[in-house]
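A single chain, nothing else alongside it, follows as structure tokens in the form predicted on its own.
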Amino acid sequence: MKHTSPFCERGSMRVIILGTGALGCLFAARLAPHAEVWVLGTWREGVAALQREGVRVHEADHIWRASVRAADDPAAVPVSDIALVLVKSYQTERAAAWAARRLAPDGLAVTLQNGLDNGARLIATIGEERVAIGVTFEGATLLGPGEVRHAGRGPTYIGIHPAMASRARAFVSLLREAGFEVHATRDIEGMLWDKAVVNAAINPLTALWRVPNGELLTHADRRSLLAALARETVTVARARGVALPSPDPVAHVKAVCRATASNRSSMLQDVERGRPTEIDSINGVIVAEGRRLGVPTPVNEVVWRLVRGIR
């Protein structure tokens, strides 16, 4: 029997958010008043907290809570319209398999993860016509299971191509209803590399020095390394033929540091908790792509190996 999308049946979306971390909690909380939201993850303490108390969000001037549904078993989640993938990059293959099991036939998987290689891995499992690649500049810090600090607002971009344009635009509209600044774009590669410039510069340095984003601007040596990482990444992107939206990428990285000054980057949070980092999907991919294109990336390679060497 042919399945009818829950979106068509109910007139509202059912969204699975894969990931119980900072961004997973933030997006779940903001979407919950506007859709049926499920959070699916493997962190049992996080899932239990969400089931018991929902998401607790700390804003700059107030704290609020949102009720969500949560599970650690994909079989417990109903078939859904959207699978929003917000797991760590090294968990993408499992998330892709879970999303493929729980998406409606006309459903859409959307990645807003850090890193340059997640979209290809989702497409390999789910299919190009059912995957939208996106980028978000929202800043969030996980305070504990089910508890997040919204550390900085920023735009989100969703890539659109003809095979899934209507579904992607419907999700863009939902995100806007939830209060996010969202843009649909046909040039998501440019936005991916724009975010990669930011991530490659900020994340490893905050992880190595154990400081929030704003502290990278407080010392000349820190600013120098920040700029060197950004410039190397820009050189690789341009060698690939990518048109970056930021006219001055170094100034853009510094502006992000200022706008998210109190944010503790996801890589810093991983290091502080003794967890694996996403360094391979950020600086590691830049180093590999630089080698392929004949572009030297010595600063990216050093910080990539330094972060990999943290125990």
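Everything numeric here is computed off the predicted structure, so don't read it as measured data. The first residue of the sequence shown is number 1, and the count goes up from there.
Not on display, but discussed next: the form predicted together with ligand PAF.
With ligand PAF omitted here, the record of contacts in the predicted bound form names 194-202 of 122-130, 95-103, 194-202, 171-179, defined by a heavy atom within 4.5 Å.
In terms of contact with ligand PAF in the predicted bound form, the residue from I286, V256, A70, V271 that brings a heavy atom within 4.5 Å is V256. For the chain shown alone, N263 is a contact residue for ligand PAF in the predicted bound form, at least one non-hydrogen atom being within 4.5 angstroms. In the predicted bound form, N213 approaches ligand PAF with a heavy atom inside 4.5 Å. Using a 4.5 angstroms limit between non-hydrogen atoms, N114 touches ligand PAF in the predicted bound form.
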